[in-house]
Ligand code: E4P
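Single chain ahead, by itself, as structure tokens, in the form predicted alone.
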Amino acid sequence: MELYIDDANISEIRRLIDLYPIDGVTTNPSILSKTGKNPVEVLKDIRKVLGRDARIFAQTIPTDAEGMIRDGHALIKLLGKHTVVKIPSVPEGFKAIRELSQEGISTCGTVVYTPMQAYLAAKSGADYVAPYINRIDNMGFDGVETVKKIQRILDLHHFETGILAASFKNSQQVLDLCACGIKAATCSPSVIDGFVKNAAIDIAVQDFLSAFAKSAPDSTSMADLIG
């Protein structure tokens, strides 16, 4: 499963890609606005941090297909070929996805709340569909189960489209979807850190350190002992 950072904070992106096996960064207008900076400059900074080959997801702004397509071309020009253009899964969006996909541009049908939206985006040629787990929960439905249903639809109809699950509130939701075979998940820094935030893990590591200290009180590593 591909793992993306759902954030535009440059210092957090640097920290996370230093520690974890991160595949790239996902953004949207809301995430970019939180930085308080020009969105184009933020996207350029993210690309610098990621390098040329990691994926960055960036979203179109207009509500008409022609405008979405124009934004898609501009984003590819700005950020390079390893950019996935995010387009809302609405009627005009399906038209834009179809056109950009035919041009060989990677697309993601975003703002997905229902399996039918995902189906239509996939049939239009989207490389990814992005259902919002927590937002679906807040509407009174089960976000994880909705994504599992989308995965079954994609599998049954042999679409090459993969799920980019988003809007997680905890690591358990990520685990549940990882186990059902989704293509990718994008998570906030706090959720990614939560993957291994466990008191039992911390205690086990401390026990090993204590045991080593007893057998080699003047050393702090195997490298010290080996010399």
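Don't overthink the numbering: it's just position in the shown sequence, from 1. Just so it is clear, the structure is predicted and the values come from calculations on it, not from any experiment.
Although not depicted, the form predicted in complex with this ligand is the subject of the following passage.
S.K.: With the partner removed from view, which of 144-152, 116-124, 129-137, 91-99 is the stretch that lies within 4.5 Å of this ligand in the model of the complex, judged by heavy atom distances?
M.R.: Heavy-atom contact with the partner occurs in 129-137.
S.K.: Using a 4.5 Å heavy atom cut-off, state whether T60 contacts this ligand in the model of the complex.
M.R.: T60: no contact with this ligand in the model of the complex.
S.K.: In the model of the complex, is there a heavy atom of this ligand that lies within 4.5 Å of any heavy atom of T186, even though the partner is absent here?
M.R.: Close contact exists here: in the model of the complex, T186 approaches this ligand to within 4.5 Å, heavy atoms only.
S.K.: Mark S167 yes when one of its heavy atoms lies within 4.5 Å of a heavy atom of this ligand in the model of the complex, and no otherwise.
M.R.: Yes, contact at 4.5 Å.
S.K.: Does this ligand come within 4.5 Å of any heavy atom of N28 in the model of the complex?
M.R.: N28: contacts this ligand in the model of the complex.
S.K.: Enumerate the residues of 57-81 that have a non-hydrogen atom within 4.5 Å of this ligand in the model of the complex, in sequence order, or give none.
M.R.: Residues within 4.5 Å: none.
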